[in-house]
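Shown below, as structure tokens, is a lone chain in the form predicted on its own; questions about how it binds or moves come after it.
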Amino acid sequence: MEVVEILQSGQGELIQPFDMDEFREWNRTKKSRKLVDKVMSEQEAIEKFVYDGCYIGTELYGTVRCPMSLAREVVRQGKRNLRVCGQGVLELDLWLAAGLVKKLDITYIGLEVYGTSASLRRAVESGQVETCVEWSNGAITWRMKAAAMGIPFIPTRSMLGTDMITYSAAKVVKDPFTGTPVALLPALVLDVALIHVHRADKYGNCQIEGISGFAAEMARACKRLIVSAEEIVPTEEIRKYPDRTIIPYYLVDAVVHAPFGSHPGEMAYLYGRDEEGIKEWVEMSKTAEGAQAYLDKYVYGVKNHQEYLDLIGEERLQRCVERRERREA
């Protein structure tokens, strides 16, 4: 019998051990195929499906279609010891500043054109974040793809030739067909996923405009899925364009109505980035005291997403819409 030769093993921890048979069983027995109304508030959805110590991920990035209203509610409810799929910007920065994160499968957490994340640096250097395991953006998505396919790992060339392999939990083996090195990326099954979309019906059929990111993969690689949507539309509207339904209802556990749900990030064809809001976080988060003051004002100081929007103000939100319109003109 031929044995596959392992050429290299990453030294990183497999933060989220998985059992693909158990995940298959979860989908068979815990996910209802019934067309039931799943609309609820951020408070209800986070309280019901997010728990201390869970492995949680968000999709896409903190300035592009990110579930910011849900992310703020996670902070507001003080969920602790989270193990996080770290592919984000503003939303994960808030979690780090609030002291919620214990372990990170990290691809990128930063402030894009504004530089690196001071919150991440403080959390890691202080020991608040106990473990950081490195992956490329592509690799973390391929791991979700493996889970969505129901397989324990997926062979790719992602990360080969870099030190990222060393600090990951991947393995490099000799391809039994060609003899060349190939990276085996372990499947990634999330306990909870948060995804923001353009529209959804009350059952959870979701459609996305513009960049679709890794929504399809994440939705199929999680046990519990909370979706926030810019608008809730009749199912008849969804059925007019079935090819746009990236996430079908039977994958979704909760649907939250969240206009401007990605603010201060952007939403393709709806509104642009709130540079004023992003810069405010960039400056305040440079110190722990400033980050806390920001959280006190924009998260703890408001009861829900609507109060957050009221605090931001209609005029500022309208400028985000106009910014998008100017960009498209």
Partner chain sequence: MSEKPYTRTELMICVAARLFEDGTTCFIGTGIPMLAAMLAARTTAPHIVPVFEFGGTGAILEELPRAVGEARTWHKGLSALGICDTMEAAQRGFIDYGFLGGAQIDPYGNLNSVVIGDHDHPKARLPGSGGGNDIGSSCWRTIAIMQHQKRRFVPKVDFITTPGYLTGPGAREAAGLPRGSGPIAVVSTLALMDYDPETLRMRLKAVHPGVTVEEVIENTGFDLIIPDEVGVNEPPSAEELRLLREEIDPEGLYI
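Positions refer to the first chain, counted from 1. Quick caveat, the model's predicted, so the values are computed rather than measured.
FYI, the form predicted in complex with its partner chain isn't displayed, but the following is about it.
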Within 4.5 Å of its partner chain in the predicted complex, heavy atom basis, the matching stretch of 225-233, 161-169, 76-84, 255-263 is 161-169
Taking its partner chain as it sits in the predicted complex, is residue 322 near enough to touch it, meaning that at least one heavy atom pair lies within 4.5 angstroms?
no
Can you tell me if residue 64 lies within 4.5 angstroms of its partner chain in the predicted complex, counting non-hydrogen atoms only?
yes
Close approach of residue 269 to its partner chain in the predicted complex, 4.5 Å, heavy atom
yes
May I ask you to state whether residue 35 is within 4.5 Å of its partner chain in the predicted complex, using heavy atom distances?
yes
Has each of 128, 202 and 310 got a heavy atom lying within 4.5 angstroms of its partner chain in the predicted complex?
no
Contacts with its partner chain in the predicted complex, stretch 139-177 (heavy atom within 4.5 Å):
139, 141, 142, 145, 147, 148, 149, 150, 151, 156, 157, 158, 159, 160, 161, 162, 163, 164, 167
